[in-house]
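Read the single chain below, which is given as structure tokens and is the form predicted on its own.
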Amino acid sequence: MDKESTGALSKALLPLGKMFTKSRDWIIARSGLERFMEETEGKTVPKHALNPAYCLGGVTLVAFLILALTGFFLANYYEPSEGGAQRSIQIISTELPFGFYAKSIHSWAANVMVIAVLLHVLRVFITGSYKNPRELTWMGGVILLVFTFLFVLTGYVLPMDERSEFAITSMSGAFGWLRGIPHVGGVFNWASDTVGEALTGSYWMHVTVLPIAIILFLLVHFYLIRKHGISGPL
């Protein structure tokens, strides 16, 4: 691209840049984040945090972002029904352009996320990073761990293969009693031992409820980490 074209592109993007800046400043000013950013601006990352053991939370986050991107792509072609689940996955794997790669990356990212979050929780426990003043950070992390396992179980249901039966049985045994709660029990249909209900419920849990819940808890988790700083060295 020559200088003239580059200059024209820059001029064309300038209004968008100004719009983004104004929108960002508007959100910061009205959300109370301005004071928080001023308080944390001078904080630096300690040298011991460069240890790979302290990067496991970041690895978990990257894996989650990859899962979100590939999952959004796959959800456009997946059919959450007993008759259509296996057929749609077959189409994704063999006929859809880049479908096989998206499905494989999604699967590997899920494995990385589970391993990374388990090691992260283990590191926090071993180093005592859950102690005062980081108790809320620890509790939020434990909740995120539970959400991660639910992510895995609901994801296992979707292909309707040999792992699906194990996932349905596990969720029904662990959470099926929640379906008996008056008035709100229907929310827990994903914990049903009936294949149709388990599949439909697991799909909406996997693509809507759990991602939103994880994002909200991650925001709180990051806020607390930023507020209290990174714990001491190993």
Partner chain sequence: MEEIGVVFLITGIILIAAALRRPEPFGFPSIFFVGVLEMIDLVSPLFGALVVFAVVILLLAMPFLDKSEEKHPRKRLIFFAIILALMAFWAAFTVMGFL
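Residue numbers count along the first chain shown, from 1. Quick caveat: nothing in here was measured; it's all calculated off a predicted structure.
Below: the form predicted in complex with the partner chain, not depicted.
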property: Exercise: Val187 in contact with the partner chain in the predicted complex, heavy atom 4.5 Å; result: no
property: Contact flag, Val62 vs the partner chain in the predicted complex, heavy atom cut 4.5 Å; result: yes
property: Partner proximity in the predicted complex: Phe166 to the partner chain, non-hydrogen atom cutoff 4.5 Å; result: yes
property: Contact test in the predicted complex: Ile66 vs the partner chain, heavy atoms, 4.5 Å; result: yes
property: Within 4.5 Å of the partner chain in the predicted complex, all of Val195, Ile212 and Phe222 (non-hydrogen atom); result: no
